[in-house]
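Presented as structure tokens, the chain that follows is alone, the form predicted alone.
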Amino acid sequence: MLALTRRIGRRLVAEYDTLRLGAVARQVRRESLTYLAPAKLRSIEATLDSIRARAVPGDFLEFGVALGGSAIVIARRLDGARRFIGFDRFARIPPPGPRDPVEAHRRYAEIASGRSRGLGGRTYYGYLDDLQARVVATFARHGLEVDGDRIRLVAGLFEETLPSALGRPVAFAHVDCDWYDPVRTCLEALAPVLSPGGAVVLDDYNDYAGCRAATHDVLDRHDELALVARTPHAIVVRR
């Protein structure tokens, strides 16, 4: 009985969070374009709205684009001269490393075996050979042109693509890359370019211990960064 009550409670909370979402976020969920729960999408929307209201300078970034759902939500909130840059391998994610726990390695083994399930009964995005082209087409369907300037997608491993891609201030970044090494790579690259008042959302902080460890390792090295939220995901801001 208790388990049933909890399930009903979680379902009601999810339905309430869905009602609070903007139209774009609701649509990408209907199209099964994002793995993010409504509460996480609403948090992203609220963080972006706050950044825009306070005129925090800088671009909007995402690390881990997958099918493009949350990227579309972010890019649709571009204003002024901001750009959106989405970073992804646009292929199967790389394996976890020695700083990741056994659960992460089990999850990767499931992905590597070909058994991972996609959203809405579709093929798991990491198995698609033409993922980047699909994301470009999905952006277009949502009224966004991936023109390589205002909206850009960068394919490759983060450690290879980041050094030459972060030449401007950053106001917002969504880091959704699971394991310790890529999360730390992203945070270390963002630390010097994140504008005062800017925010980094860490999707996997509560899901993977490697992400959590990487977050705190970087925070220990950068006094200018502060953890201001832990649920539904972590949010780090530059003071």
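Note that this is a predicted model, so its numbers are computed, not measured. Residue indices: 1-based, along the sequence shown.
The same protein has a further form, the form predicted together with a small molecule, not shown here; the description that follows concerns it.
Shown here without its partner, the chain carries 57, 78 and 153, none of which come within 4.5 Å of the small molecule in the model of the complex through any heavy atom. None of 28 to 36, 209 to 217, 191 to 199, 45 to 53 except one has non-hydrogen atoms within 4.5 angstroms of the small molecule in the model of the complex; the exception is 28 to 36. This chain is drawn without the small molecule; in the model of the complex, the residue among 140, 111, 133, 157 with a heavy atom within 4.5 Å of it is 157.
The contact with the small molecule in the model of the complex, taken as any heavy atom within 4.5 Å, belongs to 93 out of 166, 93, 128, 144.
When the small molecule is considered in the model of the complex, residue 88 lines it closely, a heavy atom lying within 4.5 Å.
Among heavy atoms of residue 177, some come within 4.5 Å of the small molecule in the model of the complex.
Taking non-hydrogen atoms only, residue 170 never approaches the small molecule to within 4.5 angstroms in the model of the complex. Contact annotation for residue 187: none of its heavy atoms lies within 4.5 Å of the small molecule in the model of the complex.
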